[in-house]
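The chain below stands alone and is given as structure tokens, in the form predicted alone.
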């Protein structure tokens, strides 16, 4: 029989700060941006080309959120004209393993999820 300390440690907790962070770091555009920045530092327009579906406004907001959370950093390059480059931080690199685990889970269970969706949709029609 498990003691209460072990049960609490295994309990899944998603408090408001956790939810806010996950919403900001694992949203639609953040994952695409992080995927690019894991490979190399990029300038804004390079990111726009790499993620063509994102609007300028959404990309700007995404970069600001990631920078605010310490996941990426903004580096001013002393060129003429001045350029800005974004790169992933050490903290940002720690996201790789959990994101990879989520993607692996999705790859494994997506067929079952799609089956469940079809069954649900058929019942509600």
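Residue numbers count along the first chain shown, from 1. Small disclaimer: the values here were computed from a predicted structure and weren't measured.
Keep in mind that the form predicted together with the DNA is missing from the display, and what follows is about it.
Asks: Looking at 93, 74, 68, 40, which has any heavy atom no more than 4.5 Å from the DNA in the predicted bound form?
Replies: Flagged contact: 74.
Asks: Residue 89: heavy atom within 4.5 Å of the DNA in the predicted bound form?
Replies: Residue 89 lies outside the contact set for the DNA.
Asks: Taking the DNA as it sits in the predicted bound form, is residue 97 near enough to touch it, meaning that at least one heavy atom pair lies within 4.5 angstroms?
Replies: It does not: once the DNA is placed as it appears in the predicted bound form, residue 97 has no heavy atom within 4.5 Å of it.
Asks: Consider residue 82 of the chain shown here, and say whether it contacts the DNA in the predicted bound form, taking contact as heavy atoms within 4.5 Å.
Replies: Although the DNA is absent here, residue 82 would touch it in the predicted bound form, with heavy atoms inside 4.5 Å.
Asks: Would residue 45 show up as a contact with the DNA in the predicted bound form if we use heavy atoms at 4.5 Å?
Replies: Although the DNA is absent here, residue 45 would touch it in the predicted bound form, with heavy atoms inside 4.5 Å.
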